[in-house]
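Before any questions on how it binds or moves, here is one chain, the form predicted alone, in structure tokens.
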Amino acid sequence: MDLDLKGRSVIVTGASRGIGHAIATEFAREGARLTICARTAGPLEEAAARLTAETGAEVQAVACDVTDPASAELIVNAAVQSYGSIDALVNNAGGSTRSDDLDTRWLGTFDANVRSIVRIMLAAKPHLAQAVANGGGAVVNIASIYGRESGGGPEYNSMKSGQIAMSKAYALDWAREGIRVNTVAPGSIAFEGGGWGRRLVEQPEVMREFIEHNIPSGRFGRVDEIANVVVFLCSPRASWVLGASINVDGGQSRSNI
């Protein structure tokens, strides 16, 4: 299926590795023009160069920490200055803040998974609205199955739930302007350098038991399996999908909705 993404301007945060890099890769294969960001310049620039070499896509790298309030305008301005528009925004950067201090843990995790995403969405909104007439104007926020049910630790569980609720609220608020906001909720995804990938190497028997008890499909998910869903949701082919939170988890989730 032609997803009609060739030449479209797409932002992907947290794109130097793992799920974010896989998402950027699929967009590049579809011919999109990419603005990717991550905190560390070296790996990010290597990822951008690799994407261009493998796909021929236009890719620019913007090194920044999305929890820095200035980053939203930095990312959005880079995309508009280079490509003239923003057709889709994928907020993949997130995670948990590790600290012995209660406020640092909770507020850091809130910044990473909710507040930073809202900042980027609001900065991008005028450009997303302008793209609607040409089939653009999509936002996908990468959540977790542990935003839809219990699990993943108190701070992470709470903030991913908040991310899904926030996304739904903006989806309804922005619908009349034609901007589509959705979330994708991955289950346990294994990739080299990621937490599940390391545990597969270090604790193979423990991971075998985890899979047996938690994932009906009998394996961890792959990053490309998340990316394929995200890219579809950002395409004009998903024009009637709005305010949804879609599990991509091999049956791992126990939620009925």
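Note that residue numbering begins at 1 and tracks the sequence as displayed. As the structure is a computational prediction, the values presented were derived from the model and not from experiment.
Another form, the form predicted together with a small molecule, is not on view; read the next lines as being about it.
Contact with the small molecule in the predicted bound form, defined as a heavy atom within 4.5 Å, holds for exactly one of Ser16, Asn247, Ser9, Thr25, namely Ser16. Contact annotation: of the candidates Met121, Ala171, Ala93, Val76, the single residue with a non-hydrogen atom within 4.5 angstroms of the small molecule in the predicted bound form is Ala93.
Within this chain, Arg29 is remote from the site of the small molecule in the predicted bound form, having no heavy atom within 4.5 Å. Within 4.5 Å of any heavy atom of the small molecule in the predicted bound form lies no heavy atom of Phe232. In the predicted bound form, the small molecule stays beyond 4.5 Å of every heavy atom belonging to Leu34.
In the predicted bound form, the small molecule sits beyond 4.5 Å of every heavy atom of Thr52. For the three residues Arg39, Asp65 and Ile189, a heavy atom within 4.5 Å of the small molecule turns up in the predicted bound form in every case.
Only one segment in the set 99 to 107, 142 to 150, 78 to 86, 123 to 131 has residues whose heavy atoms sit within 4.5 Å of the small molecule in the predicted bound form; it is 142 to 150.
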